[in-house]
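Presented below, as structure tokens, is a lone chain in the form predicted alone.
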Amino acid sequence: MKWNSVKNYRQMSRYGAERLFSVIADRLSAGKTANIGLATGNTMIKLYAILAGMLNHAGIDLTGLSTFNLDEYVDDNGNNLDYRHPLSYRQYMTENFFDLIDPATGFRQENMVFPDAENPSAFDALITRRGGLDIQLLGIGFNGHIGFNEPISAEEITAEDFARLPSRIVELDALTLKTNARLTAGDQIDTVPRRAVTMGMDSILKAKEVILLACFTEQAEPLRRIRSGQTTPELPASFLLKHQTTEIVYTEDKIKL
């Protein structure tokens, strides 16, 4: 695992965008496909604007690019939240990234993939058929979750079984609901769905490369726990310690380690 500190949000966003662009450009220019795992949240907004601009100006054919989003909220009927819902991650991605990519690049709408609450295993199967993720972009929850793989007591699940968790529907942790309400729903916790469908730990940890970005003061504590070197289901992001090509990038102005 590599740790990398940058000055602020702007530098973190630029760094992350350049890393994703490098993977995409290298693979597509070599005549290969590019499979990138994407995350949502306030952390990623500037990154996506920068990355879209880089892709638009690069002159690369993007027909071979596929994106796999980490998660989506689940409604009361057990389906993915309607894309028109203000909290929908598909809407977030459309507004902050997909709509910013010039259609002339050849990027295909059918290659924008989200996990499906009605058939989560199909998401893992598609990632496998496409050759796995070339790079996975991650944030980190204030409770240490990645994707919506929430903490589980070490008494309830072994580390080995946690690392093999597939894509699935999960109940969201109380801290996750509180945080998401504050950051995305005007502090109206009742409007935040209680469940989500998430990419599992198995697909995340099988990515060829992982880059995790952190820029909130509250993320310092889980990052310090990762640095302690203990892998535990009670801190899902700690499993990245076992991933040899993970880079954690954090902002010095908000996070002191």
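Predicted, not measured: the structure shown is a model, and the values here were computed from it. Numbering starts at 1 and follows the sequence shown.
Keep in mind that the form predicted in complex with fructose -6-phosphate is not shown, yet the notes after this line are about it.
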{"item": "Heavy atom contact within 4.5 Å of fructose -6-phosphate in the predicted complex, the stretch among 225-233, 51-59, 38-46, 185-193", "value": "38-46"}
{"item": "Residue 71: touches fructose -6-phosphate in the predicted complex, heavy atom cutoff 4.5 angstroms", "value": "yes"}
{"item": "Contact test in the predicted complex: residue 89 vs fructose -6-phosphate, heavy atoms, 4.5 Å", "value": "yes"}
{"item": "Contact flag, residue 139 vs fructose -6-phosphate in the predicted complex, heavy atom cut 4.5 Å", "value": "yes"}
{"item": "Non-hydrogen atom contact residue 133 with fructose -6-phosphate in the predicted complex at 4.5 angstroms", "value": "no"}
{"item": "Single option in 146, 127, 170, 165 placed near fructose -6-phosphate in the predicted complex, where near means a heavy atom within 4.5 Å", "value": "146"}
{"item": "Interface residues of 231-257 toward fructose -6-phosphate, as seen in the predicted complex [heavy atoms, 4.5 Å]", "value": "none"}
